[in-house]
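Take a look at this one chain, the form predicted on its own, written out in structure tokens.
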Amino acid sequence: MVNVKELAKQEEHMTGGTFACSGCQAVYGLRLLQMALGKKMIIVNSAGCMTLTATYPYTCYKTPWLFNAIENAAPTATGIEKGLKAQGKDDVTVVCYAGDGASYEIGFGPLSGAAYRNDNILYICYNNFNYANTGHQVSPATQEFARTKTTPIGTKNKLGNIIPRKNLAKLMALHDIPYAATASTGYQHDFIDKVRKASKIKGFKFIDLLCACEPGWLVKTHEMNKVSKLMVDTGMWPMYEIEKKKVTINMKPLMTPVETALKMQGRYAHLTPELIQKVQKLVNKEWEMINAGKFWEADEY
């Protein structure tokens, strides 16, 4: 478990000031990542929102940072890890920090390849459920009924995105990797624990990190962390670890009504009471199956 007093005393490895949006939870995720691992890591970043945090010659990081094309993070990290191994350095964690567009879709092939080879890297998807850096278009991570730039609400489309999201954590676990997990910036200690645990495991590790997006989700700046937590509390974002396909549910949600989380997000402003109730039923059904020991069969919202 995270020692809060220890975290309060340790050196900050991230300085203030980036080109990211106010309240950006993906930046917060990076800060938590640096709290977890300190300087004993190298970060590989796919093109995306976080590229704005280390635009040459400016950087807010005290750890090595390598920017790469949107699809290349996993194989680049593999090359770095192999180079470190050749030098006899085994105390540095090579971390990919890539968005959902880069992970769920454009970079999925290279990501799958690294998992198939069981390369010794930690891959973290900062998941804001849309192609945020290019204007908030739909991605395979986007939840059903969410409004995006490419699933706008109009006279012909009153539902938003009509395709249920892909579950990448489950999909990565099916590669038979040693560790896959979900996390949220709303539950900071849980994420730090998972990063530290994963860093000690040899082979490919994957964490899908929920990060609220202020302009994409249309959330008020001061409520960003709150909504990241509510997505877990409502049951809309299950928190678990999968180790060699063995599932551990890290947190049983409070089952707060989904409306409390949806109402905070402008991307759901078009939802009728009937659609909100449909979302609630989907979430309830998923947790009924999870609680019945049917995790792999459970429908994901």
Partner chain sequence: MTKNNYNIKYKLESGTKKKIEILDGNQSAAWGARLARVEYVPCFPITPQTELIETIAQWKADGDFPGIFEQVDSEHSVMSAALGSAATGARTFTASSSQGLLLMHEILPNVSGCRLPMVFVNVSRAISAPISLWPDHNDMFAVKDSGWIMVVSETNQEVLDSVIMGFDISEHEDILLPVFVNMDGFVHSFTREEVEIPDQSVVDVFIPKKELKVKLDVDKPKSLGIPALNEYMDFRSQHHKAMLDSIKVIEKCHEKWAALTGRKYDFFEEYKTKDAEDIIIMLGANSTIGKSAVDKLRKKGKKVGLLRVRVLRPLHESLLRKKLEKAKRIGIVDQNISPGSSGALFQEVRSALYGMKPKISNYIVGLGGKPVQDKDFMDIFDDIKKGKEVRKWLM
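Positions refer to the first chain, counted from 1. Computed from a prediction, not measured in an experiment: that's the story for all the values here.
Another form, the form predicted together with the partner chain, is not on view; read the next lines as being about it.
Using a 4.5 Å heavy atom cutoff, T51, P64 and G113 all lie near the partner chain in the predicted bound form. Only one of L218, L171, L84, L159 comes within 4.5 Å of the partner chain in the predicted bound form through a heavy atom, and that residue is L84. Listed residues L275, I249, A269, A69 were compared with the partner chain in the predicted bound form; A69 is the one with a heavy atom within 4.5 Å. The partner chain is not drawn, but in the predicted bound form it has a heavy atom within 4.5 Å of T76.
Although the partner is absent here, I80 sits close enough that one of its heavy atoms falls within 4.5 Å of the partner chain in the predicted bound form. Proximity of T59 to the partner chain in the predicted bound form falls within the 4.5 Å heavy atom cutoff. Shown alone here, G109 lies within 4.5 Å of the partner chain in the predicted bound form, counting heavy atoms only. Stretch 87 to 95 is the answer when you ask which of 87 to 95, 226 to 234, 205 to 213, 141 to 149 has residues with heavy atoms within 4.5 Å of the partner chain in the predicted bound form. Contacts of stretch 152 to 174 with the partner chain in the predicted bound form, defined by any heavy atom lying within 4.5 Å, are made by none of its residues.
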